[in-house]
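In structure tokens, the next block holds one chain alone, the form predicted alone.
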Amino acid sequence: MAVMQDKPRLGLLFGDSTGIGPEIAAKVLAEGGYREHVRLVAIGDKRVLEQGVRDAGVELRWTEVAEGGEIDWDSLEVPLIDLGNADPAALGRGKMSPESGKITGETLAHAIGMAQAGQLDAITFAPLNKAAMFAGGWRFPDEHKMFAHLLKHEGYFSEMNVLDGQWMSRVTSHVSLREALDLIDARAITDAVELVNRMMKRAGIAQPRIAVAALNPHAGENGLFGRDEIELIRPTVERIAAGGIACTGPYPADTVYIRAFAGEFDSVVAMYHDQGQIATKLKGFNRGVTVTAGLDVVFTTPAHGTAFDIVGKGVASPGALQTAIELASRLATVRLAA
């Protein structure tokens, strides 16, 4: 096991305080298994953490630390940077709150600033609410585009979902299906496959086996249901494969995920959002992790949402958040070693 000072520094955020984020964060912090992987500092409002501890029914000790100051990583107390920016009593619970969304975005932006200043190697955040953030003034369709904007990123990036060793990516993401059809072209397919190949290699998969999903039913049935597979997707996949990436397809989307989860592939690249999300969420809704791939900062989060229906009941599972921390550690460790 690496000594503590060799481990990446990870900022853990509590997510939207109106959801289950504070509860599952408190459970993860109380369990303490993350210490095997990272040097973790919690970032947010201590009142939100206190709420999470009450919901989780756990005992947890923390100590407030200054941003950029010395941290005793060997202490059993959780280091906390208290931003003092969120009073959960004033934000409500179990429902979308624009004010909470505004604060969620501010906390994420603060953590990104810390990463840019060299104080963090990765950021893991508990579930947030996209509609709340948008209503709170963060005018982005999702947090990934917000991250790219704050980092002044130029070039391709994408959201990926990781479940049971499978890396699920897509050519288009948070756009309407009608718009997605116009965005699918050879460049977009190539970017998606190349990025997931790089990310999996960083995660320790030496030669990822990537399946590319078809767009049309039955992969177009030899042109009967559309010629996208014949004229666009298959030629593009063949060109990518000729360049050394182990990708194949297109495969019918209604069966390719069955084959992937049976072990035939390490990844499936979908053409649009729901094509992949329905399959992976049915497979393991409470276990999947979302990665923002292609940016200069490592971001991970549970693939599930804020679960307003179970807020305050103490029954929320921390499994996906634990896995998100472990995955962030792996990705950050490889980046630090590069």
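Just so we're on the same page, rigid core means the largest C-alpha set that superposes within 1.5 Å between forms. In case it trips you up, residue 1 is the first one in the sequence shown, and so on. Because the structure is a prediction, the values reported are computed rather than measured.
The discussion below concerns the form predicted together with a further copy of the same chain, not included here.
Each of His174, Leu177 and Gly226 is positioned with at least one heavy atom within 4.5 Å of a further copy of the same chain in the model of the complex. Checking Asp296, Asp274, Glu67, Glu31 against a further copy of the same chain in the model of the complex, a heavy atom within 4.5 Å turns up for just one residue: Asp274. Residue Asp254 is the only one of Asp72, Asp185, Asp254, Asp164 with a heavy atom lying within 4.5 Å of a further copy of the same chain in the model of the complex. Although the partner is absent here, His218 is a contact residue: one of its heavy atoms lies within 4.5 angstroms of a further copy of the same chain in the model of the complex. Contact check for Phe147: every heavy atom lies farther than 4.5 Å from a further copy of the same chain in the model of the complex.
Interface residue remark: Ala279 is counted as part of the site for a further copy of the same chain in the model of the complex, having a heavy atom within 4.5 Å. Residue contact with a further copy of the same chain in the model of the complex: Ile230 places no heavy atom within 4.5 Å of it. Picking from 208-216, 185-193, 93-101, 150-158 the stretch near a further copy of the same chain in the model of the complex, with a 4.5 Å limit on heavy atoms, gives 208-216. Once both forms are overlaid on the rigid core, the distance between the two CA positions of Asp228 between the shown form and the other one is 2 angstroms or more.
Taking the rigid core as fixed, one finds a CA shift for Asp72 smaller than 2 Å between the shown form and the other one. Distance between the C-alpha atoms of Asn286 and Arg54: longer by at least 3 Å in the model of the complex than in the displayed form.
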